[in-house]
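Coming up is one lone chain in structure tokens, specifically the form predicted alone.
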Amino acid sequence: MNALNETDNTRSRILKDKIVLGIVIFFSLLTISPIVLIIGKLIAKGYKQLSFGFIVENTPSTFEAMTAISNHETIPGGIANGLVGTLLMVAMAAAIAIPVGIIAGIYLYETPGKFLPNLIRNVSDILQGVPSIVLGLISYMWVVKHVTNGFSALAGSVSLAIMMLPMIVRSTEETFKMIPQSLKEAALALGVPYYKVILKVMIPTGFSGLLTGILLAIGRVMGETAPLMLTALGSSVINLNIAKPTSAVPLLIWEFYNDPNMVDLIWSSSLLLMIIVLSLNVISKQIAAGRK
């Protein structure tokens, strides 16, 4: 009897395990299905416009697009002005946010439990949840109104830098917490100056973690549109003057959306932007996996 009861209990547990596993798989597939559908839609509608010219040519005019559509041809031109503007503003934002974020993260790591570090940590957490358009408005008031006296790539990069800071600050702090304390103590015991311990020991040791946080922050801001609408405004040509209006891929997508003749370019631009952001996220995941 005991053997039969144990067999029944085992079968019952196996059946319950299979039911729960089936439920987990079902809801997991349900969760990822919107992403799969979105990616599939982008690929199906966006690959037609992708070409070398799409990357190196400027945005076409409405008349050029309308003429191509009426002749059943591929819309000429591309998004080179948006790609260059995105790279320019993201590079400037990284140049601002990376050193400030790493220094702030090191400060939080070195002085835990004190009032000012706790205040900075809380402000950083709050800043991460602030809507991006609010940060764009702040950059508008700081840079557009008082520095460049007009829309500019510099104003756009400042708004993106503010968005990048919280992730870099917290990733730096958490990365340094994972480094064995004995490593730092050993360097100090050898008489190495404090700044060299940070620059020559701590940062190189936690480099992969720092790089992961930086790449995730860059990936997050590359697709932002709202702050750039208030700061960079946009441009129909490639502009390398940081004091002048500059385009970006998200801005172009918004402009294409408002022009019925440019609808086909929305999908190609979105697909290219998704590939760039996805590549950054995959690289950061690989770096994070390599740390384990």
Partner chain sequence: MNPNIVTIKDPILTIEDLSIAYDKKVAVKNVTVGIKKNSVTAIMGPSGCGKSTLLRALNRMHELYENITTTGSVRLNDEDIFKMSTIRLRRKMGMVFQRPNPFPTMSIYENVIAGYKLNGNSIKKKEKDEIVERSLRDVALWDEVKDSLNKKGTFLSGGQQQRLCIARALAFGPEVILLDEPTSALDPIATSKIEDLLIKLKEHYTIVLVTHNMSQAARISDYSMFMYLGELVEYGKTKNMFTNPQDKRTEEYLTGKFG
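Residue numbers count along the first chain shown, from 1. Remember, predicted model here, so these are calculated numbers, not experimental data.
Note that the form predicted together with its partner chain isn't included here; everything after this is about it.
| request: Would you mind picking out the stretch of 78-86, 165-173, 146-154, 189-197 that comes within 4.5 angstroms of its partner chain in the model of the complex, counting non-hydrogen atoms? | output: Only one stretch passes the 4.5 Å heavy-atom test: 189-197.
| 4.5 Å heavy atom contact, Lys114 to its partner chain in the model of the complex | Output for Lys114 is yes: heavy atoms within 4.5 Å of its partner chain.
| Asn71 near its partner chain in the model of the complex, any heavy atom under 4.5 Å? | Outside the cut-off, so no.
| query | Leu183 near its partner chain in the model of the complex, any heavy atom under 4.5 Å? | reply | Leu183 belongs to the contact set for its partner chain.
| Using heavy atoms and a 4.5 Å limit, would one call Val201 a contact residue for its partner chain in the model of the complex? | Contact check for Val201: yes, within 4.5 Å of its partner chain in the model of the complex.
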